[in-house]
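A single chain, nothing else alongside it, follows as structure tokens in the form predicted alone.
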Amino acid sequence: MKARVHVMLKNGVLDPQGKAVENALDSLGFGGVQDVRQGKVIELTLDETDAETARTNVAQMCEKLLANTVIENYAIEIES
């Protein structure tokens, strides 16, 4: 089973990397791009066969290691 975790900074948290990408796009002639937010995607291959158990386990991984829940949100996708 595969899991994909999308981690993004919460709204209101300063995103200097996103701002740098926004400025670079503008300097390359891609005007009209605003509020760029940069995050990360973590892909996991799991031995688990039950989707709900996998989701629960991945959520625990996020809470303990994969995301800084003080400043980041995460979303989990599970694929069979």
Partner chain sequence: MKTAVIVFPGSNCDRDAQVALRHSFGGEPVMVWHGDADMPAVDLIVVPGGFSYGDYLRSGAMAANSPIMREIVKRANAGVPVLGICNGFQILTESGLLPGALMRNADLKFVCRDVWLRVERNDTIFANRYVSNSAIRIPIAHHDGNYFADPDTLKMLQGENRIAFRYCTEDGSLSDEANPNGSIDHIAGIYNEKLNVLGMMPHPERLMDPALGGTDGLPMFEGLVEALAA
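Owing to the predicted nature of the structure, the values given are computational and were not obtained by experimental measurement. Positions refer to the first chain, counted from 1.
Another form, the form predicted in complex with its partner chain, is not on view; read the next lines as being about it.
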20, 40 and 67 all contacting its partner chain in the model of the complex, non-hydrogen atom within 4.5 Å: yes
Residue 25, heavy atom within 4.5 angstroms of its partner chain in the model of the complex: no
Exercise: residue 71 in contact with its partner chain in the model of the complex, heavy atom 4.5 Å: yes
Partner contact for residue 13 in the model of the complex: its partner chain, 4.5 angstroms, heavy atom: yes
